[in-house]
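Consider the single chain below, provided in structure tokens and representing the form predicted alone.
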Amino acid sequence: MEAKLEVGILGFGTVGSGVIHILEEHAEKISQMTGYQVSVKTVLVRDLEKNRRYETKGFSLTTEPSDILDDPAISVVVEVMGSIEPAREYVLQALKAGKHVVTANKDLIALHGDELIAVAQANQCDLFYEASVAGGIPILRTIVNGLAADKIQKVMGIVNGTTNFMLTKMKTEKRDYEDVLKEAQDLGFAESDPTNDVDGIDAARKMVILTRLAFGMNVDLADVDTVGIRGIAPRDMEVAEQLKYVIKLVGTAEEKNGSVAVSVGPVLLPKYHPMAGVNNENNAVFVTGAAAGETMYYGPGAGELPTATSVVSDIITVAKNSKLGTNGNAFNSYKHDTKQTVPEEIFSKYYLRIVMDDKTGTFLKLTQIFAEAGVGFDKILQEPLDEFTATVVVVTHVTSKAQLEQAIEKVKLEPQMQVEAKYQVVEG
């Protein structure tokens, strides 16, 4: 008789429902791959009376976490509740009880991953979190396994579907930020409080996880240079189009001489760049390796079944490890001393939109400030904004972040000019 592997699920929302659906639909395939009959025993819910799309056949619902965490028959706990507490407390309890954990919670892993990984290893338990980044794209396992032999140099990602949807609408329909935000909220892509998405916080948490796996470095969220999309104006979209670029919210982690620079912000991508065509709520992760060169992984960044597919893949890995007796190894054992790249060694082109008094000598003053900082101009566009002011758009030559910041600090001291937008520009 085939052995049983029983699963408890914390949360019965979109992803939890999807996990149950996939485990039922693909039961025979999963059984053949793992040698186990994998089934859900208990699901934690907030409200027992709520109407649900899936019938609760073959498993029970509970409002008591202990019915899962203290049940010796349950060997795998799936956490799809979201938020940090009480999810962190439940995951710790599960690991300490010797249960393997699969989570889709990027906030939990980004902020408390080190602690959870250590507890998992101390208790010989698996802790997997493939679904925490880029939904249905198996990017974490690709980095850990598929690219294990390579030295990864850079990871760039469109890892937030809400902002990508909004930027696509702003570009293709020539609408402003507030307008497309309202549509994203109406469609359920954006929360009523969209801060985490539009200010880049969600993307930054995912970049913390990607940095940990790609470079073995534990970067704090506070060390990710994070800018959101609130400041992007229709004029920026128009100029980018004119210069044959597309604006995307991009997370970047780049290794240089044993240090790493991690950032999230609007970036001008050349139209022919593979990520420039990633539209709507889709995600993509672009990896540069010393041996493999440039590879890109593209797909849905969220959604019930794409995210649930990643969760179930992790459950299958737990089952295979259980069969082989190899549980308790870290998802990623690659570790490296964490060191931040200094601004003097971070190089890029930059796009700047500057509003200034439209009078003789002001533009000359601007060019002098940038020349003194060693920042050259590649492209310059100037047009009147009204009777008294002009908008100047500059694309710099490749310059260090330190030089650019020095120039911008000087500009801030000049009452007749103001930098309203600063975005990185990716070269071809």
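Counting begins at 1, following the sequence as shown. Everything quoted here is computed from the prediction, not taken from an experiment.
One more form of this protein, predicted together with a further copy of the same chain, exists but is not displayed; see below.
The stretch that touches a further copy of the same chain in the predicted complex, counting heavy atoms within 4.5 Å, is 139-147, out of 68-76, 258-266, 111-119, 139-147. Taking non-hydrogen atoms only, residue 313 approaches a further copy of the same chain to within 4.5 angstroms in the predicted complex.
a further copy of the same chain is not shown here, and in the predicted complex it never comes within 4.5 Å of any heavy atom of residue 244. Among residues of the shown chain, residue 323 is one whose heavy atoms approach a further copy of the same chain to within 4.5 Å in the predicted complex. Among heavy atoms of residue 291, some come within 4.5 Å of a further copy of the same chain in the predicted complex.
Shown without its partner, this chain lists 328, 98, 86, 277 as candidates; in the predicted complex, only 277 has a non-hydrogen atom within 4.5 angstroms of a further copy of the same chain. Among the residues 340, 185, 124, 295, the one placing a heavy atom within 4.5 Å of a further copy of the same chain in the predicted complex is 295. Residues of 167-182 are not found to place any heavy atom within 4.5 Å of a further copy of the same chain in the predicted complex.
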